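Only one chain is given next, in structure tokens, and it is the form predicted alone.
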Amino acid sequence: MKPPPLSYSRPHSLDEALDLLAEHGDEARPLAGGQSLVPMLNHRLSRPGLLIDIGAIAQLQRMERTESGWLIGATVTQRRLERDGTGGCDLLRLAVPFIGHRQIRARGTVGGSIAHADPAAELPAVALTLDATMVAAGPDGEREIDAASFFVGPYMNSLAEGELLSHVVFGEVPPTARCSFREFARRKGDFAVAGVAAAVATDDGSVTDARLTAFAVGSNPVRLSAAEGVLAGRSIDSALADAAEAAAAEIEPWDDIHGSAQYRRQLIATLTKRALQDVAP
């Protein structure tokens, strides 16, 4: 199938893009890399009257280290992130190669993936693990949205009408933290059936900071707070089984053609164990 008839605009400034959004309202959709939106157009699942291609806006292509963390503009491609480095952010470095195939990453953007809020996507899980801040640009200026508030449901985010995701700031982890990213998919490049992102810091063998996130097991990525609590103050080896059990218990997966809820619980338990073994000192 082909997209329904629509108009196309390619603004060269953020203000111009925001003016177009304000003028056309619900009829307008921003287009970044198009790896999610274009298939939806082709299948007539989305029928905007106007596509606003934000790919030419230089302001959205920044990629730099800041005091707050690693700032990545909304239209930075995943392949650029993979090729040019991830600013010392190990979790990003580990996660990006799992995103689709190289051709997908060549067009797909960081902001597009996060704004699309696919429960099985890798970058939202990284954002939640690193307590990322999403910066939304709108008619009243910029506002910050923490990752825990940004993802509100499958393919749903908390951007207000007339706002665009401008950039994402991925937070820092303690200098002693080690990271792991574990994902299970039927074939390399397929959507994840289940996955776990981990960033864990230890001191003298005991866990001082633990961040664990499960994804592809519900409507949003899920911080595994109970499993994090189990790890606190203990050695990873002594807490391994308890943390894996806690992780499996605190998700609410669903049944689908890729696996039952119980299957996903078992996957999360196994992936949590493997991720923690990766980061053990």
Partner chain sequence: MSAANARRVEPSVEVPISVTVNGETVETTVAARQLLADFLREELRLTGTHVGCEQGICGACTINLDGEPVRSCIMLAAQVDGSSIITVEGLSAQGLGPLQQAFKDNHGLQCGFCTPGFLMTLSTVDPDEYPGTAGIREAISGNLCRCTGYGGIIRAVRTAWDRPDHG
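Quantities reported herein were computed from a predicted structural model and do not represent experimental measurements. Numbering follows the first chain given and starts at 1.
The same protein has a further form, the form predicted in complex with its partner chain, not shown here; the description that follows concerns it.
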| message | Exactly one residue in Ala216, Leu51, Ala248, Leu60 has a non-hydrogen atom within 4.5 Å of its partner chain in the predicted bound form; which is it? | response | Leu51
| Honest question, do Pro4, Glu16 and Ile104 all end up within 4.5 Å of its partner chain in the predicted bound form by heavy atom distance? | yes
| query | Of 40-48, 62-70, 232-240, 218-226, which is the one stretch near its partner chain in the predicted bound form, taking non-hydrogen atoms within 4.5 angstroms as near? | reply | 40-48
| So, in the predicted bound form, is Thr270 in contact with its partner chain at a 4.5 angstroms heavy atom limit? | no
| Does at least one non-hydrogen atom of Leu212 fall within 4.5 angstroms of its partner chain in the predicted bound form? | no
| message | My question is simply whether Arg79 lines the interface with its partner chain in the predicted bound form - judged by any non-hydrogen atom within 4.5 Å. | response | yes
| field | Contact flag, Gln266 vs its partner chain in the predicted bound form, heavy atom cut 4.5 Å | value | no
| Going by heavy atoms, what in 5-19 lies within 4.5 angstroms of its partner chain in the predicted bound form? | Pro5, Leu6, Ser7, Tyr8, Ser9, Arg10, Pro11, His12, Glu16
